[in-house]
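First come two forms of one protein chain, each written alone as C-alpha cells, so that there is a structure 1 and a structure 2.
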Structure 1
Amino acid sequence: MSFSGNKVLDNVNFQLRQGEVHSLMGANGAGKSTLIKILNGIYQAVSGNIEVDGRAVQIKNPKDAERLGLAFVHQELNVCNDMTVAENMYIGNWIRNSMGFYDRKGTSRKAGELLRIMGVDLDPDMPVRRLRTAEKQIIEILKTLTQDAKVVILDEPTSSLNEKEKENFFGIMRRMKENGVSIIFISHFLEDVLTLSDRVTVLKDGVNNGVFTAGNYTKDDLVVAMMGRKIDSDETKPPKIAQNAKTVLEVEGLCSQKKFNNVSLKVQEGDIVGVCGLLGAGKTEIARAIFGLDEFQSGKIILNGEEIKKPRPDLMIEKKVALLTEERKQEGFVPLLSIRENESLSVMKEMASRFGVIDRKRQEQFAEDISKRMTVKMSGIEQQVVSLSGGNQQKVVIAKCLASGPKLFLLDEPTRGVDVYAKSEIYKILRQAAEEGTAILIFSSELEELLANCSKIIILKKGNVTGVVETKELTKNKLLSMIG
C-alpha cells in the first residue's frame, strides 16, 4: 500500500508489506494523525493515491476503509462495558444460529478459541466492565481480527500498559503477524518501537524524514529524525536538595480500603521524589487521596507540619498544593475554554475584585507569561485547548497547576501521550520548579522518567510501599524487578 499527499502532509510515501509491523513516529503535530485520518476516510488527500494489494482505491469514508480490510484501534477505547468479552469481540458480527437469532454460546465458544490462540487468559463470558484498561485494549485489538482485517492500525496502544502487559501485547502482535496481518504501529515509546518494528517511518513537519529497517538504527537515530537534533541527556540529573530543606509533605500510614495500605512517604522542598508501581498498584489512588479527590479511612497527611484531617481540592489549592491528574482529557482541562481561562482556572479568584469581577487585562498578561515560560506552541491565548496537540495540552495543564505557585506538586503520569521533545521540556520545567523550592512527587509507571528526574523512588506493590531507593543506586532492570 502506498500513499502520497500534500500540505499538512507533503509528498509522504508510506509502504506496508504483508505480515509486517511498520511503526510510524513523529513529534506531536508532525502529521501522523492526519495520515491515519486519511486512511480512515475522515480526511481526503488533495493529491496522491492509495493502493491496496496493488490496486488503486478510494477511501471516502470509514465504511470504505472497513471494506478494504483496514481496522483502527484508537487511543480512546470504544468498548461496551455491560456486554461480555465475547460480545465485544464480535460486536456487530455476532454468531447466529440456524434460525438467524443471536447465538450466545456459539459467540462465546468462538471468542474463547481466539483468546486461546492469541494466548490471552480471559473468560469470554466476563462483562467488560470488570476488566482493567490494558485488558480492554486487548479486546479492542482482537476485535479487528474477528472483522478479518488485513491491516491493523494501532494508535499509541502501549501507553497505558505496564512492562508485563507489554510483553503480553508484543506476543499478540507477533501472532497476528504470523497470520499475515500487517500492522501500523504509532507510538512515542522508542523502546517499544525498537522491540517490535520491522521498519520505522519517521514524519517530521509533514514530510517523510527517514525509513529505518530493523537492526540498522539506534534510538538516537530516531530522535534525530523526529526532532532534527539530539536530546541532551546531560540535562537529566536528579535534583540536589539543601541540607536544611524542610519537609513539605509527610504521609503516615495512609489506608484506603482495597486500594492501598499503610502508605508512608516524605517529600522535602526542592526535591523530586518518584512513586513507582505497576498499573493497579495504587499510584493514582494515593495521589487523589492526598489531594482530597477520594476519601481514605485512616492515616495522617501532614503538610508543612500541619495535619490535614479532611483534604478537599479547594482547601489543598489554598494550602499551595497542586495535582496533575492522570487522565488529561477527562480531568485535566475544560475543552471549550481558551488557553487563557484554563491556565488561570485555579487562580481566577486572585485576579478578581472583591465582588468576583475578573480583571481581564491581568488574566491575559498572566496567561501570556506562563504560556511563554511553558513554551506552549499556540496561535494565541484565546485558542481552545482542545485544538492543541497532546504535548501542548499537557503543558497548558501543567501551567494551570503551577499557576497557583504550589509548594507541593503531585503529578500522576505527567508525560503520557507526549512526544520525546515535549517530554524533555516538561522535565526541564519540573526541575526548574524544584530549584525554586517546590516539592515534587511524580507517580509514574515509566521507569526512565523516574530514573532521570527523581532523587529517590518509592516502590509500590499492590497498594503497599515495599521500599524506598536512592536513584543513584538503580538501573532500569533492577527497578523493574523490584516492582514486578
Structure 2
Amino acid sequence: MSFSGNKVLDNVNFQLRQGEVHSLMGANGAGKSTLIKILNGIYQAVSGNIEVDGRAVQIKNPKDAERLGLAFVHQELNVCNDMTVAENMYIGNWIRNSMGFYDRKGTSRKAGELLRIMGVDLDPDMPVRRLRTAEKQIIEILKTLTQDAKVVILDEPTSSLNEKEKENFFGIMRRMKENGVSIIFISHFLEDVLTLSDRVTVLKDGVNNGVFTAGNYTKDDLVVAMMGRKIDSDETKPPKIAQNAKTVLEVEGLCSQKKFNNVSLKVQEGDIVGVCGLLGAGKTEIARAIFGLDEFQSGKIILNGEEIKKPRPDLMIEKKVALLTEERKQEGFVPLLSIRENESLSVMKEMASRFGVIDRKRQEQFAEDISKRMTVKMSGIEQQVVSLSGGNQQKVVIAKCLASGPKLFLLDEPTRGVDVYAKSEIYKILRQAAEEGTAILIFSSELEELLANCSKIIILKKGNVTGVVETKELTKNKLLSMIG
C-alpha cells in the first residue's frame, strides 16, 4: 500500500489465533493504522491475501468486515455527536420492542449496565456532543462490546483512559478472551502491551521486524525493534529554574460553573509544570479558559504581571501564548492543507511582504527545517496533513505552535497517539524551549512523562487543586494515590 508515492506497507504478514491478544506495534508511520483500515475495507491493498478461519476472503467495505465478525475502534474517533451515549454504544444494534420499533428505554438500560461493568460514570441518555475526547473514546471501546464479534481491533484504545479505567478495561478484555474473542491491540504504551499481550508483532517502515511471545521479551527489545535504538533515560530531566526567574503566568481563584473551582497556579520563565488528574478532573477546561476559548465566572489570569480580564484566543496569541488542544483533528490543523501550509500558519505575517505576498521559498525552507527538527515522517512538505499518521499529525501541530516562539505554551495531552521515540523527541524540544525561557504548562494523564519532565505537578480532583508537589519527592504509585 502506498500514499503520495510513499510505500506504507511492503509484504506484511500477520497471524491472529483464537482467544489471544496480539499487539501490533511500530513507530508513527510504520503502517499499523493502514493495515487495520485494509482489514476494515476502508483501503484496498495492492496485493496480498486475507484469510478468516482458514478461508480466503475479500473485504471491499466495512460491511464486509462486519459480516466476517470484525469490530474496530479507530484512533480517530467515529461517534455521532447528536445521538446519546446509549445510542452510540448500540448503533446498528439498538434494542427493539415486540413490534420491532426502537426501544429507547431498553437501549438506555442495557447501556447503563455495560457502563457500570466498565466502571464508567456516564449518563447513558446524555448527548455525546457534551462529552470530552477521553469520554468519547470510552464510548468507542464499549461499542465493540455490544457487537457479536469474533475479532476486535483496537487502535490506541487506552490513550485517554486513566489507570483505574485501564484496569477495568483490561478486565473486560480478559473476559472477552475467555469467551474465545481474538483481539488485535495497537498501542504506543509499552506497559499496556507487556500487561496484555500473548504475542507482539512489530512493524518498522512498513515491513515486519519481529514477532515476540509473552515472557520472552523486554521493553527495550520492543523499542529496538521499532526504532533501531534504545531510548536514553538521561534524555528526560526536569528543568532547573533560575532563582530570579520571573513569573510568566499566575492564575488566582479561577472558577467556572460545574467545571473547576478556585484554581490557583503559577508558572515561571523556563519552567515546565504538569497538571494531573483523573478523567473529568478539569484539566482541559482550565487550559481552554486560560487561552480564552471558554469563559470563566470569577478569578484572575495574570500574564507577565498584567491581568487579562477577558482573555480571547487572538489576544493571547498576540501576547505570545500558544495552546496545543486535546482535539487534534477538529482544532489542531487544516486537514486538506499541506504540511508546509499548516506548520507556517502561526507565522504567516512574518513570511509576507508589506503587500501581503507570502515568500514561498522562505516558507518552504522553514517547513523543511521544522519538520526535520520534529522528525515528521512524510513524503515531502507538500503532503496533505490528513494523509499522515496520527502521531505525525501531532508533530505538525506542535511545530505550528512552536513556530510562533511562544513565551507561554499550554499543552493538553501533547503525546497522545505518539510513538515512544517521538515522545522523547517532543519532550526534548519542550525542554529546549524551556531552557530558552518559555514557560510550559502540560495538562496530561501520562504520569511517567510528567514525573520525568516537570519540576512540579499540580494535582486536580473534581475541578479543585488539592496539592502542588515537587517531582523529586514523587513516585508513580504515590502520584496515583494522590489523584485517585
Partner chain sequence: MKERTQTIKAVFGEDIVRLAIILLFIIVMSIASPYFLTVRNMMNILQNISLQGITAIGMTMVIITGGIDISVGGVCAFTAWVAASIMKGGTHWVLACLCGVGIAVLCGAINAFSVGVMKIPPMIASLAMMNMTRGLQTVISGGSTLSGLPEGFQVIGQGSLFDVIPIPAIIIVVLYVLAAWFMNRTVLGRSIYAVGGNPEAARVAGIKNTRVLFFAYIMCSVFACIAGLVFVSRTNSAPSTLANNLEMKAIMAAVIGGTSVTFGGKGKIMGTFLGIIIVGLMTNALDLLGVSAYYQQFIQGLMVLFVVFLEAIRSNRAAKRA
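FYI, numbering is relative to structure 1, first residue = 1. By rigid core we mean the largest C-alpha set that fits within 1.5 Å across both forms. Note that this is a predicted model, so its numbers are computed, not measured.
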**Message:** Quick check on the two chains I just loaded: which one is the form predicted alone, 1 or 2?
**Reply:** 2
**Message:** Superposing on the rigid core, I want to see if residue 68 changes position between structures 1 and 2 - specifically a Cα shift of 2 Å or more.
**Reply:** yes
**Item:** Core-aligned C-alpha movement of residue 86 between structures 1 and 2 reaching 2 Å
**Value:** yes
**Asked** When the two forms are laid on each other by their rigid core, does residue 429 show a Cα shift of 2 Å or more between structures 1 and 2?
**Response** no
**Cα displacement of residue 127 between structures 1 and 2, once the rigid core is superposed (Å)** = 6.5
**Asked** So if we fit the rigid core, how much does the CA of residue 116 shift between structures 1 and 2, in Å?
**Response** 8.0
